[in-house]
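Next up is one chain by itself, shown in structure tokens, the form predicted on its own.
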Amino acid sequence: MADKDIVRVRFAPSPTGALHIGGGHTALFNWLWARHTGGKFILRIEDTDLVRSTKEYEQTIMDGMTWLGLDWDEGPDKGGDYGPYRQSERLDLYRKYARQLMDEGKAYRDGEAVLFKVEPGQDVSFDDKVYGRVEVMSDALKERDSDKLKDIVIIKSDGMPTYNYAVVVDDHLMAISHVIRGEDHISNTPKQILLYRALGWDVPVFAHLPMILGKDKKKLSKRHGATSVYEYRDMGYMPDSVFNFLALLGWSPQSRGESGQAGDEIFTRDEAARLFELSRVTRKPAVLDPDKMNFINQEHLKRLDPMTRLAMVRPFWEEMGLPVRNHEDAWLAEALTLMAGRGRTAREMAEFSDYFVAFEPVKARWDGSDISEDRKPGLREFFAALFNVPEWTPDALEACARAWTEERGVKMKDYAMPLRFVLTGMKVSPGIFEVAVHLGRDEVKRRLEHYGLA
């Protein structure tokens, strides 16, 4: 058995779908506690629903955890001293302990099912690391609309264990020290405590995590946007950002020490693991705020080195059909650096910077029809002055533009804005002279000529 002083936690998903936000949140908090304490993080697959469980979903869940950076120490793919790590491969264990309970008169057979007897007057209160003392008596475990105590089904008529029974057997035999799970399981805990006691086993430490709500304070659903980890990936969010965001749902670091100030909400996985404490998990429901997710992702994007940022954005340019291969990687990376944090996701950054990669998106957005013919001669004169600047740098171009417009008593924005539309097709962009220099004289001239302005 494991050393009692070693923290062992588990994430135990059912492979009936992709890794959803609630599951990712639970997995992450277990991972944080294991890494903070130097303990072990175990992945266990609860696949007793033989109809809905598939190996494909199991792999999808593991892929989602890997994308988030939640590595596990033991599991169905890694093995370990406490396997097997799939419930469908542990059926003999569940039958063994069900027989023990029946032999001791604590459970009985009802047809093909096995039920555990719930005796009245049992104190099944427990101290929760998040919710504090939870006072419950076994007398509360009644049948619906009745005063009769409801016995606990442990083996169903099809021979499969129920959740409340299997989880007790597994957590004990895998030496799980802390059960960290969603608050919707608080009502299951008294039943599980009865089973632990009946089998003569120590009860683990429980910590129930706050519910995650949508911005409207309703239970999370598809109407609130992304509900699976992969949806965030496909929208261009970084795994580091999703990790950071999920960690803040119900927890906040107390102090960053030398690495930052208290209250700083942008952190790495290692920083989060160092700072994480179960005592700072709140019982208040956490709100999935898309605006906060966008802010966190934008901050992480800003902090990337240029080539890593390019690797994130490139697939979205390619998805848009842009000729990415026509440019050097270093040039594209510098173009994204010029964006200076514009774009909350890699997808948005790709959309906001498409004019660097090709002229076609500019022409599709802006046809030049809002520039009247009588304005064109003045604009041509202005652009000609820019092309006469010997040193093609942002500072030199801006100095020329200021001198030219001041000399004529006209507003610089009336001449710089048309240049912005010519080069980007957008009202907002990085400094337009920086864009012009990065595109190069020849490309700037080509775009001006297309609109009859050179």
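Don't overthink the numbering: it's just position in the shown sequence, from 1. Source: prediction; values computed, not measured.
As for the form predicted in complex with a small molecule, it is not shown, yet the points below apply to it.
- Of the listed positions (K292, R365, H185, R380), a single one reaches within 4.5 angstroms of the small molecule by any non-hydrogen atom in the predicted complex, namely H185.
- None of Y163, W331, Y131, Y196 but one reaches within 4.5 angstroms of the small molecule in the predicted complex through a heavy atom, and that residue is Y163.
- Contact with the small molecule in the predicted complex, defined as any heavy atom within 4.5 Å, is confined among 89-97, 242-250, 163-171, 115-123 to 163-171.
- Shown alone here, P13 lies within 4.5 Å of the small molecule in the predicted complex, counting heavy atoms only.
- Using a 4.5 Å cutoff between non-hydrogen atoms, R181 counts as a contact of the small molecule in the predicted complex.
- Mapping the unseen interface onto this chain, E58 falls outside it, with no heavy atom inside 4.5 Å of the small molecule in the predicted complex.
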